[in-house]
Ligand SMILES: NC(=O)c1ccc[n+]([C@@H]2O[C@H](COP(=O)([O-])OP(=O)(O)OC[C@H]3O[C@@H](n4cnc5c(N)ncnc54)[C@H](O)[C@@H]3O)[C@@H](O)[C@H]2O)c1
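Just the one chain here, the form predicted on its own, laid out as C-alpha cells.
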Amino acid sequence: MEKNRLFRRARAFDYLENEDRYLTADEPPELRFGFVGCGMMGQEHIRNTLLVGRASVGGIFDPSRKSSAHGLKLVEKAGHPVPAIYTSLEEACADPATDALIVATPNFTHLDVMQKVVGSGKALLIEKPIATTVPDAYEVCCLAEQHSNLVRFGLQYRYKAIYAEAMSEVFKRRSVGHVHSVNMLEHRFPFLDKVGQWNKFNAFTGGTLVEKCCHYFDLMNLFAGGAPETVFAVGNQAVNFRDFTYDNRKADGIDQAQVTIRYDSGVIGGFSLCMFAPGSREDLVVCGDTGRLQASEQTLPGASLENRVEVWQGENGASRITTPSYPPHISNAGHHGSTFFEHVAFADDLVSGKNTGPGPAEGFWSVVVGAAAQQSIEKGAAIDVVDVLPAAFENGLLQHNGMEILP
C-alpha cells in the first residue's frame, strides 16, 4: 500500500530528485511489450501498460501513421523512453528486446496476424473477438495450441468491478446456490468511428453479436458452467447507420437483438442488446435455487459511473447491496478499470509461467454463441450449436473450462 501508483503519479512531487524518492519512486519494469495496432484499443493497452508499470513499451506497429503517432505520443507524454516504430509485423515479431506482443488490430485481421505472430515465441495478448467466424476462431485456437508461449485473449470484462464481485458471490460464497438462469443486458450508444469504419459492416465484424457481444456471451458461458447447445435470436438494424455508406458499401450491422441460449448444464440464458440508447447500461442477473444476484453498471453522458450489486437470499442468509468500484485513475484508464486488471493478470502470468486465461476455449465459445445468434436472426429459427462448429472440430481440444478459469 505504501508505494501505490497514486503517489507516483502526483505532480506535486516533481521537484524531487530520484535519490529523494521512496513513496513516489517508480519501480523498474520487469517486462517489455510490443504493440500491434494503435487505434482506440491499442492506445488503451498502452495507457494501461504504463499505468500498471510492470512493463515498458518496447515498440509499436500500425500501418496508419496517425495511429502510430498517437501511440508514440502517449509514451512520450508519460516521460518514458521512446519506443521503436516497427515498419512491419515481421519486424515486431523479430524484436529480441520484447517479451510479449499485444495485438489490437481490426477483428477481420486476427487470423492473419495470428498466423504470423505464432512463430515469434513471444507471449501474446490478442484482443476480442479472436476471429469473425467460427472456422477462423477454431484455426486461431489451433495456432494458439501450437504456440510455444502464453496466449491470452482480451475478454477483459471478467475484470470489471461488478462482474468480479458477481463471480466472488456466485462461485466463492455460493450466494445463489445452484445456478439455473443467467440474463444479461447491454443498452448503449452506437458504434464509434474506426479507421476505415470497418465496425459498421458484417463482413468485417462477423456481425454485431460477435463483435460487440462476445464479452457478454463469455460471461454467460462462465456463469452457466457449461457449453451452449441451442441459440435462438431476433434482431435488426432499427436506427443506426441506415443511411451510412463507406467506400460504396452500405452499413448492415444490427443495432438491437434478443438472444436465448440453452446450455448443456441445464441453465437457460437470455441477452438483450440496444445500441441506440442515450447512455450506457449493463445488467447481469443470476438466479439459483437459494438466491438471486443482480449486478448493474450505468452512466449517462457526462455523468459519473454508477455500480451496484444486489444479493437476495431471503431466509437462506443475509441479503445485501454493495457498490463495487476501482479508484478513478484506474477506472478512467479504459473499460472502467477492467483493462488495468487484465494487464495485472497478464503480467502475473508472464512472471509465474502460469496461464490463468481467458484462453483459446473461452475465446472460441464466445464467438460460437455470437455467430449462432447471427445465423438464427438470418434464418428465423433456432440454431443447434453443433451445426455451427467446423467439420474439423474435436471436442476434446477445446474443453469449456467453466469456473476453473476464474481470475
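All figures in this text were calculated on a predicted structure; none of them were measured in a lab. Start at 1 and count along the sequence shown; that's the residue number.
Unshown form predicted in complex with the ligand; subsequent notes refer to it.
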| item | value |
| --- | --- |
| The ligand contact in the predicted complex: A361, any heavy atom under 4.5 Å | no |
| Distance check, C38 to the ligand in the predicted complex, heavy atom within 4.5 Å | yes |
| 4.5 angstroms heavy atom contact with the ligand in the predicted complex for Y86 | no |
| Partner proximity in the predicted complex: H335 to the ligand, non-hydrogen atom cutoff 4.5 Å | yes |
| Listed residue (K128, K200, R158, K122) with a non-hydrogen atom within 4.5 angstroms of the ligand in the predicted complex | K128 |
| Listed residue (V195, C142, L72, L185) with a non-hydrogen atom within 4.5 angstroms of the ligand in the predicted complex | V195 |
| In the predicted complex, segment of 378-386, 22-30, 39-47, 353-361 with a heavy atom within 4.5 Å of the ligand | 39-47 |
| Residues from 47-79 in contact with the ligand (non-hydrogen atom within 4.5 Å) in the predicted complex | F61, D62, P63, S64, S67 |
